[in-house]
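First structure 1, then structure 2: two forms of the same chain, each alone, as structure tokens.
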Structure 1
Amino acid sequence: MDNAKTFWLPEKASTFTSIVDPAFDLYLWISVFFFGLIVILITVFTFKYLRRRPDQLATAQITHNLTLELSWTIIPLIIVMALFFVGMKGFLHMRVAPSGYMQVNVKGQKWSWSFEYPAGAVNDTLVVPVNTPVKLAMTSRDVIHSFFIPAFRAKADVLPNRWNAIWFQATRTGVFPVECTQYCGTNHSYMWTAVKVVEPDVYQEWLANASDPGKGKTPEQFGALLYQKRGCNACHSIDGSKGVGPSWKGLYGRQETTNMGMVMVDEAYLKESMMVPTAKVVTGFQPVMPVFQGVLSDREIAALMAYIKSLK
């Protein structure tokens, strides 16, 4: 099978491409046929019956023809009903995961994704084994997002207070982009990540490491990792530049002006800012940070604090 991108469709990397792409192509040819038919008829009629003298009249007034009219009612009806069945059949297959899938939980938040594996691993990219059905159970921490993997032809909205699911089976190894396709605010268009499809043994090895991400790392190193993996980097810079949130550079020990007055940045303030971000909002920023209560473990909080302290 040729996996490359075509003129109309992106590269192919999941079993769904053999459902969606043929339906797309079939329909493309049906459209080309009808569009061509209409355009040719209009062009031919227009030039054949073009008015040559100002007072020229039509050569016939044909008001109707039942056979013709019924045929262009019934033939399209048959075609669209066939299309309905094709679409429904593919769709039901794409919505119902086969047994024996592995599950990953997906959490969306403004403006990053996190993937939680049953064994406890949490990551900012999705890593999956090739040729294995994977089910994603997805929910959002804030507003509606949508999880789209173009190369897999897979997509579903990700809602707060609800779990939506998709499944897929990747057919080859590689790195494929994931996009958020439901508008979710300022950095909607930066809310993307990737799926890494790897061989099963590579996957197992990765999972074992990822399940204990702090292993063999100092708290600062672990904090730096979490900064990436938990999506803090979407809003907070570490080089002093202003993002959606304040930069972490030189943050510890600084005096911040907030809506609750001046605050000295210490451990208590940092922890509160992660658990209840709206408690004190630094002047000049919007209260948009997601809540990390119940998301970060104590060990992770400590690591993040150590990391922030290290950013002088």
Structure 2
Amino acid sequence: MDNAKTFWLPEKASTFTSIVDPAFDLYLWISVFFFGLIVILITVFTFKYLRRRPDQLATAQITHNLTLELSWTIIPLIIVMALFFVGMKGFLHMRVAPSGYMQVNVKGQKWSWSFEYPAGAVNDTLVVPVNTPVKLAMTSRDVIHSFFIPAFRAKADVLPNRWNAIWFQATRTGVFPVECTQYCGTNHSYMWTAVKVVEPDVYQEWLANASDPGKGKTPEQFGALLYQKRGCNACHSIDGSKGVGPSWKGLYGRQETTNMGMVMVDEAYLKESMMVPTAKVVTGFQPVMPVFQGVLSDREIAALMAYIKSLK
């Protein structure tokens, strides 16, 4: 199978491409054919029925043609019904995962993705084995997002307070981009990640290590890892530059002005800001941080605090 991308479509890396690509080509070329036909007929009729005498009536040359009227009604109807059948068949196939699939829970938030595996691993990149059906159960922690893997032809909206699902089966190893296609705020364009497709034995080895990401790491090192994997880097810089939220550089021990007055940034304030972000919002920033209550474990909270303390 030719996996290369074309002028119209990206590269091919899942079983869905054999369904989506022919349907896309069918819709495209039918549209091109009728667009060309209509333009040609408009041009021909414009010259053929051009008003040539001042006393010529506009309706004098128009007559009834039952055959023609039935043709331009029945033929488009048959074409539309055929296209509907092709689209519905593909849609149903892409929405119902086959037996034996592995499931990964996906959570979207402004502006990052989090992938949770049954064994307890959490990652900011989706890692899956090749030639294995994978079902994604997806929800959002804030606003509407849309999860799209162009090379897999897989796409679904991700909604707050609701679970949505898609599935796919990658046909070759590699790294393939994931994009959010629903405008979700200031940094929407940076809400991207990737699917890493690996051999089954490589996946099992990765899963074993990812299930305990803090193993062998100091709290500061584990916190630095969580800073990336939990999407903290989407809003908080570590170099002092202003982002959607306050920079973490030199944050611990600093006095901050909030909507509730002056506060000292200590462990109690940091934990409260993670669990209830709207409790005390630093002046100059919007209350857009998602709630991490029930998302971060005590160990992860402690690691993030240790990392913040280390950023002098």
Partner chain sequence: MIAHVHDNINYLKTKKGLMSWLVTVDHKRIGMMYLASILLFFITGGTFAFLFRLELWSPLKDFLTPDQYNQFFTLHGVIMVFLVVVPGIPAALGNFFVPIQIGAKDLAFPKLNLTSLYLYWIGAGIALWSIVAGHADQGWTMYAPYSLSQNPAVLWMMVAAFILGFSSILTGLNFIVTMHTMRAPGMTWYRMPLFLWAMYATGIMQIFATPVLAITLLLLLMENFFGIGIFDPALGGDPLLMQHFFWFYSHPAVYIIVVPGFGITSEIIAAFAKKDIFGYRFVAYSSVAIAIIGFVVWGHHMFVAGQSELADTIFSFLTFFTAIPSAIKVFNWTATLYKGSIDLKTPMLYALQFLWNFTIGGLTGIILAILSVDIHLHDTYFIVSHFHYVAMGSTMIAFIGGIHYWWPKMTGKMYNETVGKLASITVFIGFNVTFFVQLIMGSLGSPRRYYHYWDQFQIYHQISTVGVVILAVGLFTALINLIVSLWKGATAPANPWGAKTLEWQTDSPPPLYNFTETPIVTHGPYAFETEKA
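Values in this document were obtained by computation on a predicted structure and should not be read as measured data. We call the rigid core whatever largest set of C-alpha positions still superposes within 1.5 Å between the two forms. Reference numbering: structure 1, starting with residue 1.
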| property | result |
| --- | --- |
| Answer for which single form is the form predicted in complex with its partner chain | 1 |
| CA of residue 36, rigid core aligned, shift of 2 Å or more between structure 1 and structure 2 | yes |
